[in-house]
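The chain below stands alone and is given in structure tokens; this is the form predicted alone.
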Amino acid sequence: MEAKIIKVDIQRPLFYNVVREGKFTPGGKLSMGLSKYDLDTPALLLNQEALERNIAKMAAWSQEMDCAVRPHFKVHRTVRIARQQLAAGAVGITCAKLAEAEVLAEHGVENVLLANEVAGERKISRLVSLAERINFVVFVDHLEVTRQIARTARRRGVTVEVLVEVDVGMHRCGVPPGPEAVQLARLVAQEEGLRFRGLAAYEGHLVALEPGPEKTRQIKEALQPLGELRAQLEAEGLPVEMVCAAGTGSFMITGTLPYVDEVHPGTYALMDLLYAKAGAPFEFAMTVLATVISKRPGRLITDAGLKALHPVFGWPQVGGQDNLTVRFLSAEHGVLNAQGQTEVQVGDKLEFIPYYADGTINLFERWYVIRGEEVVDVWPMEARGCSK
């Protein structure tokens, strides 16, 4: 990724107006050889070839390990990417919010899992409505909410498929892997309007650990009670059809456990620095293009700040420029330290590798899809902002 000086083309603003107004037709103006360096900034770029390789790599792992993959939609929130993952062999799509699942249903994706709890009459009604339309599986971790879902499902003549979420150490959602989990699983199995499918967990407190024997040990130790719970339920005559867990930073370990049937990685398709440090073997398909707007001794300032690069967990990196590091981000500015002499000048464009993909994509409305340096398409994020 080399910085380039871009000459102004007075015809380009027409292109941006067309995109903003929603009048752009894929395969139209972009076939004229638009370079990514022609784009106005900040802009979110998606390297199509890297994306395709990442998806293919996960699919190959799934086949080799005989472990199903249901990719998480919350990272990219883009229907086109979800369809590519399904075409490569994913058994369905995982969502974090009902609104994401509703978007997928509207676009014809019929096998969706909600890896989250819901509460309240309004959300339970939406949940059951989705179960009427598509093959929809949901998490539960609360007895009364589970009963409420069952009552609503019975009134509508629907059966909701349910996984009991188990807390394996993240201490977020989930019931402890003991008597409380057994009680909830029995309730789900007994309630008319519900169908008990199995168990779910997320070892999220361990996914970002650096790879090595200690990470492997901690993940196996954290998930062992999940395997024991499965064995206990099956010994009682309660069939457990599926057990799911894992994210991009742990699937290679979790997916090898004999009692885990399905993993839910999301970031792998795009990649970010957080999971790269955790040992995920994928390429950076996602970058943020920015323009250098000021230069002073020892520092550069770009037009990509906190509103274009999510700062949680760590700073982004500048692609292809080892002598440039992020000093800090403010709302509209990215301030870089420049070690030694740099040829980068005001007006040049740089690409940032985000530290945290989830947060960064939610700051944009669309992807500029590139192959090499050419912009070949514009993909909307249909579920951008769908957090209800």
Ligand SMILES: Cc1ncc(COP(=O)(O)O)c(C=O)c1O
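The first residue of the shown sequence is 1; numbering continues from there. Keep in mind that this is a model prediction, so the values were computed, not measured.
Beyond what is shown, the protein has a form predicted together with the named molecule; the following relates to that form.
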> Does the 4.5 Å heavy atom contact test between Pro177 and the named molecule in the model of the complex come out positive?
Replying inline: no
>> Within 4.5 Å, heavy atoms only: does Arg172 come near the named molecule in the model of the complex?
In response: yes
>> Under a 4.5 Å heavy atom criterion, is Thr248 part of the interface with the named molecule in the model of the complex?
In response: yes
>> Check Val75 for me: does it contact the named molecule in the model of the complex (non-hydrogen atoms, 4.5 angstroms)?
In response: yes
> Can you pick the stretch from 140-148, 264-272, 185-193, 214-222 whose heavy atoms fall within 4.5 Å of the named molecule in the model of the complex?
Replying inline: 264-272
>> Considering non-hydrogen atoms and a 4.5 Å limit, which listed residue (Leu98, Ile253, Ala115, Val112) is close to the named molecule in the model of the complex?
In response: Ala115
> Can you name the residues of 189-203 that have a non-hydrogen atom within 4.5 angstroms of the named molecule in the model of the complex?
Replying inline: Tyr202
